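One chain comes next, on its own, written as structure tokens: the form predicted on its own.
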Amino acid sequence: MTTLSQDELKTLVGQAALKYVVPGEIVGVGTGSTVNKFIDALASIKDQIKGAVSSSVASTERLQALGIRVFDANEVAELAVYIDGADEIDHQGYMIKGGGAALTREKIVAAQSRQFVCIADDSKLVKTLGTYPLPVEVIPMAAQRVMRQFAAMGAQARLRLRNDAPLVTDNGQHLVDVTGLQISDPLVFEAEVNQWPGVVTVGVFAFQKAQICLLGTVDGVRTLTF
């Protein structure tokens, strides 16, 4: 039996997501390597949609390069569907997102959408969230204090760097990555951390959870509904 590579699994779920795109509508598009496969697949039906709302500069550039019109989120009242990946997803559809540093805009677009379809390979499915480092977007002046708050919870937090300097998000903020967590109640955790002064967005997606997950497996695409 031929084993599909992780890249091939991403291609499979990216193509499978096309059936959730509503013809004549504007589609919400996430960020990341799996979403890039979806964007490439979306180009094959671009004449059937009005365009997209994108969650990052990188996705916007890829969409536009393929001839897909990108709308500002403020121009669109509601989206039929948002397609995005996840760093982790549990069996209730709660996720950790933000490995690609776009978590705030991803959460905004997800909140505008009637349905969230997560596309991922089966390595992302977990029993409890927290193995993957949790990204938290913070206002720079609050970074050290937020990191101390996580340390008080028994977790380890570090500033995400790029070229030996703090990574700056599309929103001009910094990211803290947190390890050593077991997030047994994602709704409570998200609500609590989002209240910390200086936190822009925590990368737990519980209030904007997935309703469907298309999971790439060795046996093909497995559909989970939540």
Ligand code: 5RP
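Treat the numbers as computed from the prediction; the structure is a model and nothing was measured. When you see a residue number, it is the position in the sequence shown, counting from 1.
Below: the form predicted together with this ligand, not depicted.
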**Request:** Could you tell me which one of Ala101, Ala110, Ile89, Ala143 places a heavy atom within 4.5 Å of this ligand in the model of the complex?
**Result:** Ala101
**Request:** Name the stretch, out of 44-52, 24-32, 176-184, 65-73, where some heavy atom lies within 4.5 Å of this ligand in the model of the complex.
**Result:** 24-32
**Message:** Need the contact residues for 124-149: heavy atom within 4.5 Å of this ligand in the model of the complex, sequence order, or none if there are none.
**Reply:** Lys124
